[in-house]
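Shown here is one chain on its own, the form predicted alone, set out as structure tokens.
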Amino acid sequence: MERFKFIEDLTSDVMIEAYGKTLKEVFENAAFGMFSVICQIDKIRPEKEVEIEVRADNIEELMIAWLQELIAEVDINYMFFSKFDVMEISDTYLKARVFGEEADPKKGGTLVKAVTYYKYKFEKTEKGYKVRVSFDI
């Protein structure tokens, strides 16, 4: 099963679709997909650990909150991440450890400014979960 794929290559947005057999996996794979845009993820060493906690009203909003929180970590702490470990998850709460290193422009990709609701879709499938999400770049 693939982790994620690019859906549309727009001039102002990048859209991915992420998959997972479990909620944990789809959240981890969505983050992996987003960081595949933000940086050269295969070059990012999981040297530093950051704990992330997010809350939302429902699972759809939780995904947006999770990805937005990771973008904030890039902006505030100047970090790139390559490993995502969701430790606890429910429809309204997520706790995770993310691993990466200080952002290095040489390993950078495309600046992601925000997660958008453009064609956003979170769904349960026969194989697990699927999310389509776009990023303002």
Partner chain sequence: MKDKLQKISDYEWLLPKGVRDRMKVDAKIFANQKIIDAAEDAAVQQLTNVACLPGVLEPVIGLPDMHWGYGLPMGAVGAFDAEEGIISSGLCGFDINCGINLIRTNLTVEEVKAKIKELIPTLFKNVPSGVGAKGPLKLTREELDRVLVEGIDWAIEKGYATKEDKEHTEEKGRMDDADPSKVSDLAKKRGIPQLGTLGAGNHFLEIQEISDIFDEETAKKWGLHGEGSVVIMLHSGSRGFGHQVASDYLKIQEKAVKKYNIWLPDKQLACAPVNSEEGRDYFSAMKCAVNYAFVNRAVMTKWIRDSFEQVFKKDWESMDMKTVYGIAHNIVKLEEHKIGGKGRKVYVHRKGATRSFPETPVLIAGSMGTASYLLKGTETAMEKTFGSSAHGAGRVMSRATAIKKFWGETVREDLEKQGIIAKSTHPKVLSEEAPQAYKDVEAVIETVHQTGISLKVARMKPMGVVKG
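Computed from a prediction, not measured in an experiment: that's the story for all the values here. Numbering follows the first chain given and starts at 1.
What comes next is about the form predicted together with its partner chain, which is not displayed.
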Can T116 be called a contact residue for its partner chain in the model of the complex at 4.5 Å between heavy atoms? yes
If you check in the model of the complex, is T92 within 4.5 Å of its partner chain, heavy atoms only? no
In the model of the complex, does F81 come within 4.5 Å of its partner chain, counting heavy atoms only? no
Could you tell me if E17 has a non-hydrogen atom within 4.5 Å of its partner chain in the model of the complex? no
If the cut-off is 4.5 angstroms on heavy atoms, which of these, E53, D57, D85, E49, is the one near its partner chain in the model of the complex? D57
Its partner chain: the contacting residue among A31, I44, A96, I38 in the model of the complex [heavy atom, 4.5 Å]: I38
Residues within 4.5 Å of its partner chain in the model of the complex, restricted to 118 to 137 and counted by heavy atom: Y118, D136, I137
